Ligand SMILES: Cc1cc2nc3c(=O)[nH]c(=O)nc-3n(C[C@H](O)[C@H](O)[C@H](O)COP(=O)(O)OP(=O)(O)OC[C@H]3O[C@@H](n4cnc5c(N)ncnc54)[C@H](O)[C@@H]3O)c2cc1C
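This document opens with one chain alone, in structure tokens, the form predicted on its own.
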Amino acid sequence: MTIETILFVAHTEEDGSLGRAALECLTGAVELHRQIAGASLVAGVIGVDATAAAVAISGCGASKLFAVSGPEFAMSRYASDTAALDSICRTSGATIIVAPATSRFNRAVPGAAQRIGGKIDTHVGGFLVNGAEVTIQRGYYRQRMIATLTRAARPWFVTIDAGLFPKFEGAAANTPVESLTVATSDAFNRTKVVGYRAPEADAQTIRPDANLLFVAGVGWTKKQADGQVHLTEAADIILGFLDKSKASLGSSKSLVDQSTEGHNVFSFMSHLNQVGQTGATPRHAKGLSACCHGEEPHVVGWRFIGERRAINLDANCGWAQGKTDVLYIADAFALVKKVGELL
């Protein structure tokens, strides 16, 4: 029987600390180590001063800590990241490498797996341990199908999606950190990050780190009790609520499809906001759906939402069929507007 060595690898953020996705992934690696009998846990960090970040997580129970530090490892660069990962993986002798599925590592980890001759599974959504067998779960076809996979080949690289585990929190221990030297070359400096461009915070409606996901349905654009459509008022209420709550905005397929059918649609909403079988599968602590009917394709997109609530005037809508924790039988215009005022 193979004795597994689990390696957690991560990169630092601009401030030198480990980001949320990395700390969540570390919790997953610790849990995997706990469940595999006889396994050992080691950890490695890449960054300008990776040693400090490694010390910060030394209480995770890793028997060894590795750090690759230097200014050339400050930014996301394929050449330097793959070289650093190669060094950490070979030095540790790891059989299972667990990494956060960040944009930076989504590029570099597959390259490191290729260099070492390992196998890789990306965007892993969970794992199970049955004795000595480790299986992972991965979504396919826009999360409509969940597959359970295992591999006999080693080393086995897995990148873990954010939102699956709580952030690791633990006091530092006395585990020494081994600094690894990676030979640099001119190739490391061919790619440079000269700055960032991003929309203003108020213009950004998709906020993966928000605690609340607010999903708007097509009912916002339909005739209301007075027989009139109140599209401008609906937009003001939704944007006002998002501004006050800092929630992330989702949409039903019916609502975003209206733009292609020549109907009125919100200018701040696109298919990128779509939640459901053919849209995104977001991960938020809480979800609030308004003017949606809770159809199964839409509800599937909520599979990773912790607490579900909905607003609908119809007490027999799809949300009432055991698909939500709390259903408010109320007018969404009045209720969301009132909540916005209270906030």
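If you superpose the two forms and keep the largest set of C-alpha atoms that fall within 1.5 Å, you have the rigid core. All residue numbers refer to positions in the sequence shown, first residue = 1. Computed from a predicted model, the values in this text were never measured in an experiment.
Here the subject shifts to the form predicted together with the named molecule, a form of this protein not shown in this document.
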Check each of C291, I305, A43, A50 and return the one that places a heavy atom within 4.5 angstroms of the named molecule in the model of the complex. C291
A330 near the named molecule in the model of the complex, any heavy atom under 4.5 Å? yes
Can you tell me if D314 lies within 4.5 angstroms of the named molecule in the model of the complex, counting non-hydrogen atoms only? yes
Contact between S58 and the named molecule in the model of the complex at 4.5 Å, heavy atoms? no
Non-hydrogen atom contact G279 with the named molecule in the model of the complex at 4.5 angstroms: yes
Judged by heavy atoms and a 4.5 Å cut-off, are G219, K253 and P297 together in contact with the named molecule in the model of the complex? yes
Stretch in contact, per heavy atom within 4.5 angstroms of the named molecule in the model of the complex, of 237-245, 219-227, 91-99, 122-130: 219-227
If I superpose the two forms on their rigid core, does the C-alpha of G47 end up displaced by 2 Å or more between the shown form and the other one? no
Once everything's superposed on the core, is E233 shifted 2 Å or more at the Cα between the shown form and the other one? yes
Would you say T102 moves between the shown form and the other one, meaning its CA shifts by 2 Å or more once the core is fitted? no
